[in-house]
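Single chain ahead, by itself, as structure tokens, in the form predicted on its own.
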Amino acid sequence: MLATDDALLRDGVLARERRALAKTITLIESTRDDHQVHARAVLGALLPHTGRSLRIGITGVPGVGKSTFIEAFGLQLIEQGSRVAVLAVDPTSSLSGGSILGDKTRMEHLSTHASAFVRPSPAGGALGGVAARTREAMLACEAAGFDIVIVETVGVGQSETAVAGMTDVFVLLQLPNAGDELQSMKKGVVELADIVVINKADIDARAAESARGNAANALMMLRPSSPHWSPPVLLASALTGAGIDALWRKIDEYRTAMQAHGEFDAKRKRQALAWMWQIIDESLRGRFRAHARVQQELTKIAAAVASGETSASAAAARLLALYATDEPAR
């Protein structure tokens, strides 16, 4: 049975109250153990009401205009009758620990729309610029009745594949003059792109078209994530709105193709299991580092590895053996 405060949050989220949703996500993002207990209780109560939203991940190099693009995209989706939530993961301040770019101020029109919810969250050093609790926040948004949940990430890199592990479709934004860059990037993030968009195509039409050709050639050399889908390369401009509707059509085509072959649900099941193991891994690592005997010996053993006095495998075995014992530290 839920505690009174937890039940109030659950009921508020299901009633689509923005304040209740914001408070629930704040609880989810808290690092306090007692808050996490309540967060798990609320999420458990909300879980039966999740899973009906389309989850879209959007990433791209710094300066590609992700926030401006997402605002234009989100507003168009709202015009078509959808409710849109945006989880915008910002870089973390080393002083305050909070997000420092403020996507809510950059998405001025979208964040104030009655059919939208924009939530900036500090990355906190999490893998791929995805906040550690972004997945749980996404579920809360789904329970609040948002048809589409967009996750915006900090930048591009091998670790950016984390966002593809929690969304249904992964969109990679590129600049008009970045055709060669796409080919030279670590291919992990490109292989996971379901759609590539050349943004700011209005600045230089010739450069944009050239970038599209380069990107298409680069994608042809990579194995697609699904045998039933070849990632298209689109031209768009968040400033003029050109190409935004084409992106939505391609996303809808992708969803239809994946559902027709049973891949849509299969992908979500794989993601849920991977999510479970990630939480287990993170929890075990935290417990390992907090173990009294491990803390007592860690500095000395790590120094021995660094100096070459002992091998990494031997050191790891020693520390794991210490963790496995329940003997109190001396």
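Quick caveat: nothing in here was measured; it's all calculated off a predicted structure. Residue numbers run from 1 along the displayed sequence.
Another form exists, predicted together with guanosine-5'-diphosphate (GDP); not displayed. Remarks below refer to it.
Shown alone here, A246 lies farther than 4.5 Å from guanosine-5'-diphosphate (GDP) in the predicted bound form, counting heavy atoms only.
Within this chain, T167 is remote from the site of guanosine-5'-diphosphate (GDP) in the predicted bound form, having no heavy atom within 4.5 Å. Contact annotation: P62 falls within 4.5 Å of guanosine-5'-diphosphate (GDP) in the predicted bound form, judged by heavy atom distances.
In the predicted bound form, guanosine-5'-diphosphate (GDP) lies within 4.5 Å of some heavy atom of I203. In summary, among the residues A88, A238, V84, A193, the only one with a non-hydrogen atom within 4.5 Å of guanosine-5'-diphosphate (GDP) in the predicted bound form is A238. In short, of 299 to 307, 30 to 38, 65 to 73, 261 to 269 it is 65 to 73 that has heavy atoms within 4.5 Å of guanosine-5'-diphosphate (GDP) in the predicted bound form. Residues are counted as partner-facing when one of their heavy atoms sits within 4.5 Å of guanosine-5'-diphosphate (GDP) in the predicted bound form; in 216 to 230 not one qualifies.
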